[in-house]
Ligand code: HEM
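Below, in structure tokens: the form predicted alone, a single chain.
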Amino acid sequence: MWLIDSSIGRKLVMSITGTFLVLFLLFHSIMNLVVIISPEGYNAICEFLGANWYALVATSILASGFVIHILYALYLTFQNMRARGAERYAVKNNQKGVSWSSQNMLVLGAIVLGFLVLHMYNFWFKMQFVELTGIHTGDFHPADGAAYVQQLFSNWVYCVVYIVWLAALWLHLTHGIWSALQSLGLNNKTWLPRVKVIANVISTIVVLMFMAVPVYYLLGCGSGC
């Protein structure tokens, strides 16, 4: 099959499905930032996106692209390991010009996935799922998402874990966005340096918006700086 046997096909699938992850993170990072600017605005967004069919459809599309990205990455890793056979156990020096993140995308991806599952449990399952089913899973009202965010990030351990996850996310995104744009044709001498800058800028903006929330509450600003 061309999408599996061809290196171009494999890169294309990873690039397109990876775009779903970037869009998902970009949207949620902006939404999370609202909670420290206007708790009322954050609650309004949560109410708007709660149990509406269009929010569910959009979430399902983004989630499906993300799931395909993960499964395809695992499949390609398995294929590469099987192709290398015993050679994968040989100790090799790091290749010059190859970044650490590009050599450890699966590890970084596993860290990102692990925390995304936790994040979705804390926010989607305990908020949107409750609105959809009416089954309460916590001691807070799902309509007051801002209060729940403050409660969750009042735990400094969760904040630190969240920030560590963001570091892994930044490394994964910087290489992933660069690789995706390169695979989509922006790989000549003129655009290659620009693509790297674009990847770093997008990744940094997304991560900083996410990081603003735990830092805000770690500094005690949720109760008034």
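Here the structure is a predicted model, which is why all the values come from computation and not from measurement. Residue numbers here begin at 1 and follow the sequence given.
FYI, the form predicted in complex with ligand HEM isn't displayed, but the following is about it.
Pick from 195-203, 155-163, 168-176, 31-39: which stretch has non-hydrogen atoms within 4.5 Å of ligand HEM in the predicted complex?
Answer to the contact question: 168-176.
Decide whether T77 counts as a contact residue for ligand HEM in the predicted complex under a heavy atom distance cut-off of 4.5 Å.
Yes, T77 is a contact residue.
Does V22 reach ligand HEM in the predicted complex, with heavy atoms at most 4.5 Å apart?
V22: yes, in contact with ligand HEM in the predicted complex.
Answer for M81 alone: is it within 4.5 Å of ligand HEM in the predicted complex, judged on heavy atom distances?
Taking the distances in the predicted complex, the answer for M81 is no, it never comes within 4.5 Å of ligand HEM.
Is I68 part of the interface with ligand HEM in the predicted complex - any heavy atom within 4.5 Å?
Flag for I68 set to no.
Since the partner isn't included here, can you check whether ligand HEM sits close to all of C46, A146 and P214 in the predicted complex (heavy atom within 4.5 Å for each)?
No: no residue has a heavy atom within 4.5 Å of the partner.
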